[in-house]
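As structure tokens, one chain now follows by itself in the form predicted alone.
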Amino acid sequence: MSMDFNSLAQQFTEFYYNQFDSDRTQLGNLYRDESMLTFETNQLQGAKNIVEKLVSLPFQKVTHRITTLDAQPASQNGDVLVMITGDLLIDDEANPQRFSQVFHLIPEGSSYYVFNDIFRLNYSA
């Protein structure tokens, strides 16, 4: 499979965070039953459980601001690893929270789905 993994990562990241910030109930089509999310210390498997977790997060408004985006091919099959760092602006808080997130994207037909999703807030030491 021939692809530009950096372009794919950029397009996926823009789509994912735009969707998350506007209506996270619609993220389910990016996950499958075998997909896994680690959100801080909670691990969930399956699209339904993952979306339920994302929808249950205790804020109304959120904006992701991306600081860095790195991508690498993850296998001969076209998998892509994507690592993002950035800031979260939550509700009307003045101070953003730093976060890191890693996605393992798996090709499926002409698109990709999220096999692994690891999210972590980054606290100052």
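Note that residue numbering follows the sequence shown and begins at 1. Because the structure is a prediction, the values reported are computed rather than measured.
Quick note: we don't show the form predicted in complex with another copy of the chain, though the next part is all about it.
Proximity of F115 to another copy of the chain in the predicted bound form: non-hydrogen atoms within 4.5 Å are present. Proximity of L37 to another copy of the chain in the predicted bound form: non-hydrogen atoms within 4.5 Å are present. Though the partner is left out of this view, S7 does not reach within 4.5 Å of another copy of the chain in the predicted bound form, counting heavy atoms only. Taking the partner from elsewhere, D33 is found to have every heavy atom lying beyond 4.5 Å of another copy of the chain in the predicted bound form. Within 4.5 angstroms of another copy of the chain in the predicted bound form, the stretch 81-104 places a non-hydrogen atom from each of L81, M83, T85, D87, R98, S100, Q101, V102, H104, taken in sequence order.
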